[in-house]
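Shown here is one chain on its own, the form predicted on its own, set out as structure tokens.
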Amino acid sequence: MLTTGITAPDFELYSSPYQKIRLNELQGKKVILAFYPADWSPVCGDQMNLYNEMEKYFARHNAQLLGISVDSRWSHSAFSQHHNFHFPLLADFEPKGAVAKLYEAYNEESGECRRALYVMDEKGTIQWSYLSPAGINPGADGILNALEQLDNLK
């Protein structure tokens, strides 16, 4: 995992079949990166559904959630539509896992993202990170605590 206090590496990934998001476009907002192993897996579905329900709480902290896995933009599109997600899923598909590798969140053995979380402040500085075991949903408490601590620094 990358160290807190450093500037998050910039990247650009597909957020839908035809649109991309660049991380530095979100400057001025806090950003939550939620790396996860795979669309359609039970734990990942639970985790992303929880974050979908928590989206209004993240928004209260001026935070944008981005889900990232190595699945294709087409898989993300179907997964997102099926669950009615209100946040983008980014496809770290080609070259496979390039962004996950930048964030030290890639599992070479499985060829998937590790279940890693990052919270960045409005300037793009990593303020919090957490690596969860692959089979365990990390929940949202750590993210909310990190966002609240950032708000209290103001």
Partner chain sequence: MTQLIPAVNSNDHIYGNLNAALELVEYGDYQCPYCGRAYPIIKNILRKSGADLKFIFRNFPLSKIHPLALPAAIATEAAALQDKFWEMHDIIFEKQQTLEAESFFLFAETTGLDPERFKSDIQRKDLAEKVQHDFESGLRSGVNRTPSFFINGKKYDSDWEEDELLEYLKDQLAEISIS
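Positions refer to the first chain, counted from 1. Model, not experiment: these values are computed from the prediction.
Just so it is clear, the following notes concern the form predicted together with its partner chain, a form of the same protein that is not shown.
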property	result
Close approach of M54 to its partner chain in the predicted complex, 4.5 Å, heavy atom	yes
Close approach of L144 to its partner chain in the predicted complex, 4.5 Å, heavy atom	yes
4.5 Å heavy atom contact, D151 and its partner chain in the predicted complex	no
Its partner chain contact at D46 in the predicted complex, heavy atom, 4.5 Å	yes
Answer option from K96, R60, K101, K123, heavy atom within 4.5 Å of its partner chain in the predicted complex	R60
Option from 81-89, 33-41, 108-116, 65-73 whose residues, in the predicted complex, bring a heavy atom within 4.5 Å of its partner chain	81-89
Stretch 126-142 - residues with a heavy atom within 4.5 Å of its partner chain in the predicted complex	N137, G139, A140, D141
